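Shown below, as structure tokens, is a lone chain in the form predicted alone; questions about how it binds or moves come after it.
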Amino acid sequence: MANNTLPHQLAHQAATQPKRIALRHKHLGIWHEQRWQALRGEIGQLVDILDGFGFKRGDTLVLLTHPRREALLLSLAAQWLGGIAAPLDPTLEEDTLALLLTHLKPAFAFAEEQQQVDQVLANSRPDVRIIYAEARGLSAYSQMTLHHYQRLLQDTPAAARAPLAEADQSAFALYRVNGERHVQVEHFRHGELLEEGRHLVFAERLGRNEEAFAARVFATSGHLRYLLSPWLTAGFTLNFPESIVTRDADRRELGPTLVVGTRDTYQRLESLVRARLPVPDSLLGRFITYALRPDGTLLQRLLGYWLVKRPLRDVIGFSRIRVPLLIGPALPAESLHFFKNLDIHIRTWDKIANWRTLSTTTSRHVPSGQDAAADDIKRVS
């Protein structure tokens, strides 16, 4: 299908359910909502902005940020013009990020705040165009290629144009550094992502009323396949926390029905629940063991749900969870059993990665300490 792309799917949602909530994000403690029609309008503005910067078909927009709506909208705008979005996780080690940015040499980038702006400026081409979200600390920067996201929108009128993306084009490119300090890449085509999104929507019976939670940056294949694509396919609401620090409190406040997490995510949530549990041999501890027996009586099950399971699920914001998905490495059996006792049935959804190692000259191989020592030995001998 010629229109089997992420931008075409967003345009479809804006046309068929313009007034339903597409995104919800928290800023300064207040939740803000954006409907599909308004979302389509803002992306149209971003398309014109990128086009004015000289962004064209085949170009790559690098995004260095924690989860936030601006990065998602810019990704779709870049894809609208036939380009590729390349999200990088800002929590990576500084030397790893420097290697990736040096390899990519972006001409166009989105950076969350001053720290990310500095990283892009230090490891990119001199004329890189950087759009940033948070202006704090950047007022003294003299680079003419730095642009504040909100200020750009204020200066750009609303516009609409047909997407240039095609189904067999790459929508996203994920980059990483392997153990040998070589850059690797994995590409994801529009048609591939939407096909897998539809598969998940059908298998998990996802609908427009789902509330999904985006607590991690879209820099993993699982989050692209099983969160971003289903959002555009089913047309439900995607929620962004205010920051990575407030994500647990924001999740508790929302009570999402769909969560996509890694092993680290679920083990961290498990530790939050376990921290609330009493000592097993105490009176309260024995009551919890009694109430959570899977073969218990009706009274036990009722007590277990209202007095134990429901409060503990609320601790991690899983009071309404319906589809908890695991991507990446598997959870230990003990952790799966722990969540199952709380009526949280985690399902694994993931595919084998298809990373391609780039050549040494292309990836600008940076030797590790062991590599350097080995080279010294060779030179001495």
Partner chain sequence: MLYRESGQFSTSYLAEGRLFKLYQQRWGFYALLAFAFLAVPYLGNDYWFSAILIPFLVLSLAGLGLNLLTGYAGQISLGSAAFMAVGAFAAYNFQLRIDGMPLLLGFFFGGVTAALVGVVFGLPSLRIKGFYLLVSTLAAQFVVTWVLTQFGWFSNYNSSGVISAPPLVILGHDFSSPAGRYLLTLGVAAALFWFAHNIVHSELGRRWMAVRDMDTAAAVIGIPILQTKLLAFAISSFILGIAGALWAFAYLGTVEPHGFDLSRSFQILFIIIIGGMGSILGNFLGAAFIVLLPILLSNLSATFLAGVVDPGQLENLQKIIFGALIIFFLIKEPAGLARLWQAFRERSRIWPLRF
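Owing to the predicted nature of the structure, the values given are computational and were not obtained by experimental measurement. Residue numbers count along the first chain shown, from 1.
Just so it is clear, the following notes concern the form predicted together with the partner chain, a form of the same protein that is not shown.
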Please identify, from 52-60, 38-46, 343-351, 316-324, the stretch that has a heavy atom within 4.5 Å of the partner chain in the predicted complex. 316-324
Within 4.5 Å of the partner chain in the predicted complex: all of E253, A275 and L284, by heavy atom? yes
Consider the chain as shown here, without its partner, and state which of R181, R189, R310, R263 has a heavy atom within 4.5 Å of the partner chain in the predicted complex. R310
Let me know the one among A167, I288, I84, A219 whose heavy atoms come within 4.5 Å of the partner chain in the predicted complex, would you? I288
Is W306 close to the partner chain in the predicted complex, meaning a heavy atom pair under 4.5 Å apart or at it? yes
In the predicted complex, does W355 come within 4.5 Å of the partner chain, counting heavy atoms only? no
Does the 4.5 Å heavy atom contact test between A333 and the partner chain in the predicted complex come out positive? no
Could you list which residues of 32-47 come within 4.5 Å of the partner chain in the predicted complex, counting heavy atoms only? E33
